[in-house]
Structure formats: C-alpha cells, structure tokens
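Presented as structure tokens, the chain that follows is alone, the form predicted alone.
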C-alpha cells in the first residue's frame, strides 16, 4: 500500500520516524487498523523497507476538568470534542460539578441527560462524552490531565480534597485568573496547586470571554508551559479552528497577566460608570498595562520577562477584551451607578459566578504592602 491508502494516518504520524516516509509496507501494517477497539495499546510490528520497528501504543490520556461554571463549561465543550476525535485522549472527559438543584433537578443529572449546563452556560450543548461527576475525588483520581477552572478563592479547599488521591505523574493546567498572598508575598495559583498536589503545572490565559468561545467565535489564547512536549500535548487537547493556541515558556508571566488584567478592568468599569469617555478609559488601559509589566518584572523570577509575552493573547488582547466586555468591568460600572456593594451586585448580576478583580486587587495590595512597594 502507499501513503494515500494508509489505514490509520493518525498512528502513522505518531509512530513513524520523520525520515521514513511511508511508501510500502507488508500486510502486518493492517494490525494498526484494529487496535483501537480497546484502551490498551498492543505492541505492533511494522515492516518498512526491510526494517522492523517495534512500537508500543501508549494508553490514551484521561482528562478531568475541575470546575463547571461559565468558563469551565465552555472549555468542556472544546476538550470533549477534541478528546472524542483524537486517539491520544480517552473518549470520556470527566467534569467535576459542584452539585446544585436547578428547577428541582440535580445539575449533574441535567448535564448528563440533556448535555447542557443550564445554569452557567445555557443554550450550548456539551459533547455527549463529557460526564458530570459530583464527587471531586471520583472525578479526578484516575486522570492523566487535570484542567483547573474554578474561582481562585476555592483552590485551597479543592487541593486539600484531592491531595494524595490523584496520579503522581498527572499533568495540570490552570485556567484560573488570580493570585494568592503567601507568607513571602506573591504566590501564583499554579504554584499553589503544584505545591499542594505535587504535579507539574502549566497555565492557559487569553482574550477568552466564555460565551463567545462557546459560540465558536474566533479567538486566540496562550499556554504557558516550561516543557515543550507537555505544551504540544496540551495544545492538541485545547486547539480548534476557532480557538487558536500559542505556547510560550514564560508560564509565570502568562499567569500574572491573567490575574492583573481583572484589576485594570475594574478601573475601566469605574470610568464607564463615571461617564469619563473612551479617551480616559484608553489611558487607564495603557497605564494598567504598564503597571502589569512593571509588576511582572519584580515578581516573576522563574526566568526572563520579555515584552513579547505581553503582546500575546494573554497580555494586551485579554486586557482589552476584559476592559470592554468582561464581568469585572460590568459590575464595577454598576458599583458606581447604584452605590450597592460589590457583594450585592455579584449576587444580582452574575448568576452564581464570582468576580476576580476586587479580590485580586485586595491581594495585590497586601503583597505590595508586604514588600514596601505601595508607592509603586
């Protein structure tokens, strides 16, 4: 057979050395076509140009999404569809759902029966292979890839529940936008997870308003990952034609951008509430970006802090979209106009979702105070 009639091109791409293009092979190649019936990959001998290669097909990676809010459900739509089509990943994607009652029915039951998160992402069908699980340990214990997407205020409790009950070699990726105030100042959420669970962490941040991602409107995002192989695998899990992924190594800068932009968005919302106009709002965004860069250059010590990372989706693009379309801007505007507290407005306007901007601002203030940098 030639390369046009190769029965399983995805396995050819993964297994064959790049300097050995497929031109002819004996009938034993057809064994590749039959292995997909079960999850265990069997060694297959492929005779190619009189040479024998022995391949052991790796077991597909099991994925668990920790969180099921607006953004978590939008990501579940992408991850579920990709996992169903890519043999590197197990078909079933588990999603931990904090159990709630919606119109007299359990939310997990609704998701698993109707394939829709009617509370947090109404109007969008989730892939049938996304399985809602109300027990956190049950959802995550056998996962090879853990996607964290919950409000950053809850990460400590979640990690304590999972500690010692997950695979030690699991890969984690955080989509959580926020920082933690540690005893020595700033702590990234990915670092908190890594320390508590002992797993390798990456991050994903970008100009990604959840409803627009779920609508499959084109956008970009950034994965920050120190390991190139892990980055390539996570890109395969996340990328679609309309959700384009760039991988960079400065994971700490990517994460800082995702946290700090919510503070700037609160300032942009204040501008809107006060009627200051687009010129003033543009100044707040520009000055906010400069503050973000200055902050990162002090606190991101894992490696270099390049200006190029701020030009990725995690930087200026996420800042712009959040300052015009995000929930932090929306609630901050209402704060000025109504005189109600942030807590009241969060309950009234966000349908159970949580704001990140005000909490992150409070934590950043304490971090700066601890470092005697308030004047900066």
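Numbering follows the first chain given and starts at 1. What you see is a predicted model, and the numbers here were worked out from it, not measured in a lab.
Although not depicted, the form predicted in complex with a small molecule is the subject of the following passage.
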Given 191-199, 145-153, 282-290, 161-169, the stretch touching the small molecule in the predicted bound form at heavy atoms within 4.5 Å is 145-153
Check whether residue 251 has any heavy atom within 4.5 Å of a heavy atom of the small molecule in the predicted bound form, and answer yes or no.
no
Worksheet item: For residue 133, is any heavy atom within 4.5 Å of the small molecule in the predicted bound form, or not?
Response: no
Interface membership of residue 120, the small molecule in the predicted bound form, 4.5 Å heavy atom rule
yes
At the 4.5 Å heavy atom threshold, is residue 71 in contact with the small molecule in the predicted bound form?
yes
Only hit among 268, 176, 257, 95 for heavy atom within 4.5 Å of the small molecule in the predicted bound form is 176
In the predicted bound form, the residue from 209, 219, 238, 84 with a non-hydrogen atom within 4.5 Å of the small molecule is 209
